[in-house]
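Below, in structure tokens: the form predicted on its own, a single chain.
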């Protein structure tokens, strides 16, 4: 049974948030229903607890301890010696996928606002020649993996309340990109209200709370709440491959990373790369005690970020790419025990209503606290976690900005460079411009190949590529 005005009023009064109903009598029945719906999805006791902790100055803020050490990592594929036996680990990962024990999960709750794109970010066109969207690009990668390993590989797509309907509609219109509707499942992450510095939940309008997504860490709770974890268990899934929608170089299902994860009996594993510079705006994998952690670039002291070892190498040089492999029993444990991941708070500028007058406020300075959780906070909860080195040019080029660093333009260039490099590895001569870029755009569909070795196999059955213009290689 849903909330009524009376039950809602009693509940809000018990936690000091009765101001949320101040404009009730101005609302029509539809808006009254929407307001009750907003309030019903908020965990009010949790908000009260976070407000108390914030007032006491202890709202799960992370302060780097003095005992930070570099996180141990396994070497990348190109540097690993025979002692690591990566071929066997990859074979183990491939076998695990073939046994239908692996699922993929994409975090796709964001809008393309920073890209000047008014739609879910997954609908942003990214490939160098076809302009395939991010959703299509990753769908093709899964189609390729399903074909190579003769496996189902279900895909769990995390949306947000802002883009859930548009995302579902896009997949339906595109006929699920050829994946099959029964193998794709959507679930929306949760939301948290912004609160004033004195702990009052803010109103966005007279009938809507100022809600925002609860952070990528909320994706794990949402997996359980939505029934997706149970769905995985029914399918016999044991391992979940997690990645984010804004990194087109990410491999949705990486058999080597999965194989190493299995070999090391890890509960969480992650791909990492060296940082572009000391102060790159990425999280840093570190070791605290006997557990791996991630410390955000804003929280790692600059002296540590710039520290070098005896050979002059950057000491803290493991960047978080948000590419994880989770064991399903671990996810069940941390989501079944309640809100295990800590809440982080951030001061933000949040437009809102004056709770007394109803006047619209457009703050010039931060006026509100937002609470969110981060998926990497699962690392220290794991009894064993593993970090594996990758190479930036192979696995990381995020699409965050309209231009410049971490932009769509840069990601397309990196896709071209990676495709040209794969062709050259296969013995195909690629003309290059003076700056080293391919003379013509190169696009290799991930349905055809996920790495240079898979491309080598594919080229055996394809006519020689025409290199006199743009090079587009797709699966038949």
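Residue numbers count along the first chain shown, from 1. In this text the structure is predicted, and so the values were computed from the model without any measurement.
One more form of this protein exists, namely the form predicted in complex with uridine 5'-triphosphate (UTP); it is left out here, but the text below deals with it.
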message: To test your reading of this chain, name the stretch in 243-251, 326-334, 83-91, 149-157 whose heavy atoms come within 4.5 Å of uridine 5'-triphosphate (UTP) in the predicted complex.
response: 243-251
message: Please tell me whether any heavy atom belonging to residue 213 falls inside 4.5 Å of a heavy atom of uridine 5'-triphosphate (UTP), as the geometry stands in the predicted complex.
response: yes
query: Is residue 232 close to uridine 5'-triphosphate (UTP) in the predicted complex, meaning a heavy atom pair under 4.5 Å apart or at it?
result: no
Partner proximity in the predicted complex: residue 394 to uridine 5'-triphosphate (UTP), non-hydrogen atom cutoff 4.5 Å: no
Proximity of residue 107 to uridine 5'-triphosphate (UTP) in the predicted complex, heavy atoms at 4.5 Å: yes
- line: Among 114, 168, 185, 314, just one has a heavy atom within 4.5 Å of uridine 5'-triphosphate (UTP) in the predicted complex, namely 114
344, 95, 207, 400 - the one with a heavy atom within 4.5 Å of uridine 5'-triphosphate (UTP) in the predicted complex: 400
field: in the predicted complex, residues of 172-194 near uridine 5'-triphosphate (UTP) [heavy atom within 4.5 Å]
entry: 189
- request: Just say closer or farther for the C-alpha distance from residue 111 to residue 130 in the predicted complex, relative to the shown form; it changes by 3 Å or more.
  value: farther
message: With a change of at least 3 Å, which way does the C-alpha separation between residue 131 and residue 111 go in the predicted complex: closer or farther?
response: farther
